[in-house]
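We give structure tokens for two forms of one protein chain below, kept apart as structure 1 and structure 2.
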Structure 1
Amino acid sequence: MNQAPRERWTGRTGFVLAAIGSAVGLGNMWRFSYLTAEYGGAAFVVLYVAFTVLIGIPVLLAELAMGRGANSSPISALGHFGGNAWKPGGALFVASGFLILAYYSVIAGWTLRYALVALFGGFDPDAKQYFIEISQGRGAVIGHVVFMAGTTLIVARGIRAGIERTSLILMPVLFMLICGLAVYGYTLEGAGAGYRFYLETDFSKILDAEVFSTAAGQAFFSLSLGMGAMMTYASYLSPEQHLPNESLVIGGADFVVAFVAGLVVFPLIFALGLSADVGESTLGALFITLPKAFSQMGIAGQVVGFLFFAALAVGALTSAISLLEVVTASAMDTLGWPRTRSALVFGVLITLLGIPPALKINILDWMDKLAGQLFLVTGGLLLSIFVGWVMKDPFSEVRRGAEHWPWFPVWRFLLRVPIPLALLIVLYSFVQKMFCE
């Protein structure tokens, strides 16, 4: 067995930045914008906020409490609090990490490529054709392999020297980039129309079951919930931390970045009259519309385009390391492997699993629906039931470091009844959409 003592974060900042790094990623800057465009603007944003507050943050707190309490990654944590019968649930988490990282890294590879293209020559005006060419096939495989290599090396270096150090350096850079780009977006002529599209609320849309379930799924994806990423990060925490506060900070920061990213994306698109292209939004829309916009902006487009895609790549990297950390820590905790071996073996396996989605975008889309939506929500359902009903005394885990937190009963009630019910409805709608349409 692995006898090395468990690593710890250096302190609060390291943990919080790493957790925000996990949450903030392609989900905020790419998925959130294209879903908002597809589902009618601000109505989607309002629902998304509601789900983040009522479902996301309570489940996040549940994950943090379990991870810190058990001092281990998901499979062992479920076993620790629920007995061996619950361990297969943890295996679902690890499978989600595997699948999500395999296609996530392909998209991250596209962002690397776009950043380089911006730097060394500028964007092709025929952005759609260009995207079709680079998003599938050999180029996509290369981008994916390069990105996975970087991710694997960081995770192999460990919690402090790898994950924490990367987050400490990259997260402030990411915040500055996104804010700078939002200020630039404000100076553009079409900014008003972009903001209007983004922020005008049509509440009739909220009543749609599809918008409802997509917003809930996005809240899970964006907060990295339902697959034990936050649980694993919390397992390296010291006992005196105030977990409810950390959940609020992480959830708040994640929303702010997603929201500000919308303030970057929509003015750019509307400034150049490309809004029609967003209307028919698909997975690739942002990788087509934005480069098209950048290609019409001359040298400014090159600079802004580089900064935008570099920000995406940075966000993707800090999220990808948390995905690989779940799988790596699980191998360390359950098989007793040393970190380097775990990270390398699973880094290579996930790289191989990413080849099919790198070759065919339909596979990528399908994997996103299966793992990025269905598995995460299933994981969230399992967690809320587990902490709500099975775990003996979840309060005692949260109370360490937060003795006077007054919301325990509300938190437990949410986990027991409303959250599982809402997630069951969401799951039903996903399954129906995936298999019956």
Structure 2
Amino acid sequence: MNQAPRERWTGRTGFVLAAIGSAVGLGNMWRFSYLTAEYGGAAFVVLYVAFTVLIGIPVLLAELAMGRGANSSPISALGHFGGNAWKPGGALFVASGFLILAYYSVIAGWTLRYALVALFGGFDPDAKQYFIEISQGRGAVIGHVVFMAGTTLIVARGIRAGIERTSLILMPVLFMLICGLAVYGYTLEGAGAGYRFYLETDFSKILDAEVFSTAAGQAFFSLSLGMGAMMTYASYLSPEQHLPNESLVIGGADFVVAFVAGLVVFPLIFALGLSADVGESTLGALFITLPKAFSQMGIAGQVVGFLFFAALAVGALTSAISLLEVVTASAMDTLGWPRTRSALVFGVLITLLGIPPALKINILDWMDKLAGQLFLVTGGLLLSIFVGWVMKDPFSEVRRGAEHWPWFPVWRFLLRVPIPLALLIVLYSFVQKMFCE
């Protein structure tokens, strides 16, 4: 086994920014605003915030407690607290990260392609045909390989020199880009219609079972839960970190970025009269409707489009780093491999696995349903049951650095009853969509 001392974050800022970077990715930067518009506007936001507080943050705290307490990645962490019988549960987390990154990097490659197009030539007016051409085939493979090469290089450099340093640079850049674009969107004529579409309130939809499960699922997914990323990052934490506070900061920042991203997207679409182009496909609206809007804006569209897709690429990179770190750290902990070897071997394997979804977008869609939905919810359900019922004394770990935090009994109650029930509803909804539609 690997006997080298475990790496540590240099401080709280590096960890928090890296964890926020893991949570803030392509999914919540676009998917949240799209779902908000589709499922009741402000009513969906209320539900989302409620589920973030009642599901997302408690499960996030559970991941942080397990990772720091075991001082290891998911497989070893579940073995540490539950014995060898629970190690396959940790393997599910690693498999989720492995599979998700294989197709996630394909989508991230598209963002790089669009950013370069904006920078050097401008967007094609026939945005739909352009997306069909670049979303699968040789160009998509090249974008995927380039993105994975960058991700692997950063993870191979380690926690401080690679992941932390990258997060300290890129996350402030991401925040500035998103806020700057939101301010620009506010200045556009017709932005008010976009805001109304985004936040039009229909509280009757709160009682809709589909809206309920969608909001719960989005709150869960947007925090990168159920795939071991937060658990792995927490394994590099020092004992004095206040885990409840860190959970609140990460959850709050993730919501703010997701919400502000909607203040960018819909003013742009409505200001240019493209609201009818917002269809049922989230990817289509992101990679077809918005580029079409940018193409109509001339030089300004090139600048705004470049900044927008650059922001997406940054969010994709920080999330991808956390996914590869789960797999890399697990190889280090269970196989005893050094970091460089672990990152390079699994970076190459993930790159190879990502070639089929890069060649055919239907494969990408299938992998997203399997790993990005089914595996994640199953992993979160497993984690809540494990910490709620199996782990002997989760309070002792969470109390380190947070002795006076008063909500420990409420936290464990949520993990024991309401959260498993909510995740079972979400899981049932996904299974129905996958196999019954």
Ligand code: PFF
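The term rigid core refers to the most C-alpha atoms you can superpose between the two forms while keeping them within 1.5 Å. Residue 1 is the first residue of structure 1, and the numbers go on in sequence order from there. The structure presented is a predicted model; accordingly, all values stated were derived computationally and were not measured.
Of the two forms shown, structure 1 is the one predicted together with 4-fluoro-L-phenylalanine (PFF). Comparing the forms between structures 1 and 2, the C-alpha position of Met66 differs by less than 2 angstroms, with the core used for superposition. Here Gly41 counts as shifted, since its C-alpha moves by at least 2 Å between structures 1 and 2 after the core is aligned. Superposition of the core reveals a Cα shift of 2 Å or more for Ile206 between structures 1 and 2.
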